[in-house]
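Take a look at this single chain, the form predicted on its own, given in structure tokens.
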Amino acid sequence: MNQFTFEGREKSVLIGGMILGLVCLVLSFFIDGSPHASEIHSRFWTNFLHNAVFFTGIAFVSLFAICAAISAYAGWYAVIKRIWEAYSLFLIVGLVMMTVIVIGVWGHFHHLYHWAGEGVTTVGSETYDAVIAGKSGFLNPTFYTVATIGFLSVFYFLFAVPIRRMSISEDKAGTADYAIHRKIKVYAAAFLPIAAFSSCALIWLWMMSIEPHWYSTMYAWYTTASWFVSALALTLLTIIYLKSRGFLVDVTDEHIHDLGKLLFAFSVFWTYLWFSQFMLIWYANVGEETTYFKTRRDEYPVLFFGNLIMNFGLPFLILMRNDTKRKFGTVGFAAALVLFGHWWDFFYMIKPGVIKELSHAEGAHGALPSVAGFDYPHLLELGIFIGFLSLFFYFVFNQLTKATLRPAGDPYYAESIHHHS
């Protein structure tokens, strides 16, 4: 079976998940205990930003993985490349979602970013902040808008769409067409440096600038690693589901094993970045740097330690044995755990910072208040996650119907189906 069919039952389940997510998102607009809840609805906006950034990032790193594999003359991934292509096209949905955040910045509909507040960079204003004013050349609504809409548009329209179109045209050619593949390689090689530099700016703007007085040179690496591990986990879950329906017959235990190894390896790599960032800040003991980890460790221990347990401890123990990476049940459980764990990681990066900035804006000092939906994911947050995940899969499954799952025209496809690790 090479042509995926998006059945009515699948559509019904995913639409139900999206409705659940929408209901929970709307409820979070009204059920909000954060400071100034009636004015800025921080629970709603942080939930929206959290999930928009998480799934947009998965789309981005999927495109990056395709381009990296093409540039490295990799062949093993060809049997699953249709999945990553479908993921990458979700960038258009991410563009729409992040445009909503942009509109909120200009309209002051939310207070996700303290630097966007009125008077923050105006000398003499009651809210003037010298530190933020010094960063205003980067942290300002205009640059946020241009970078967000501009970079995402470039990723989608200039790279994701053409690469997908040329990939499909290879199949229509009937045989492995190296002329088309050479064109794809040009796009892939161009995308990698552009994406590497521009994605850092997006990560700093979307997430790190939530706490504008704090910064880390490792933050972009850390966030991208979290995105990539999430994409690997989602890829494994997608493959397992498609194979359960009789698709992807050319995907063997060897491919699952390699994806399992990547999931294991990059979970360790993510932990290395987590520890490196933490250790350097702890060792230097500079107050303006330690505030990030001290806040999370002392005020949000469930988030702090849960992050390490779900994203390092459990995956390490489960995937350490070689044979577990070939068992669908075990690797599927690990993938589901890691996907949720890194969604938790983004919650950990976003939520405490917003509450801290709102509390400081009120002049509060000492321990931060415990606020539902910010201390750890509550039922509404879990429902919203299900909704966004359903939206992602609905979009991806629609894309999978538009091309054969077997890219027989790819020059490396024969190598891929005979792959042995």
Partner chain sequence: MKEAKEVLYGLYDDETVLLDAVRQANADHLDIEEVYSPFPVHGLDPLLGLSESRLHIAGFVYGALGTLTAFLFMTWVFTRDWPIIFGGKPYFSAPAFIPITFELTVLFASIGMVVSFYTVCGLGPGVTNPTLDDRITDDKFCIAFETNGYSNEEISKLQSFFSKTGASEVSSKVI
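Positions refer to the first chain, counted from 1. Note that this is a predicted model, so its numbers are computed, not measured.
Form predicted in complex with the partner chain: not shown, discussed below.
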Check whether Y283 has any heavy atom within 4.5 Å of a heavy atom of the partner chain in the predicted bound form, and answer yes or no. yes
So in the predicted bound form, does any heavy atom of M320 sit within 4.5 Å of the partner chain? yes
Taking heavy atoms only, is M279 within 4.5 angstroms of the partner chain in the predicted bound form? yes
In the predicted bound form, is there a heavy atom of the partner chain that lies within 4.5 Å of any heavy atom of F275, even though the partner is absent here? yes
Tell me which stretch of 347-355, 92-100, 283-291, 299-307 has a heavy atom within 4.5 angstroms of the partner chain in the predicted bound form. 283-291
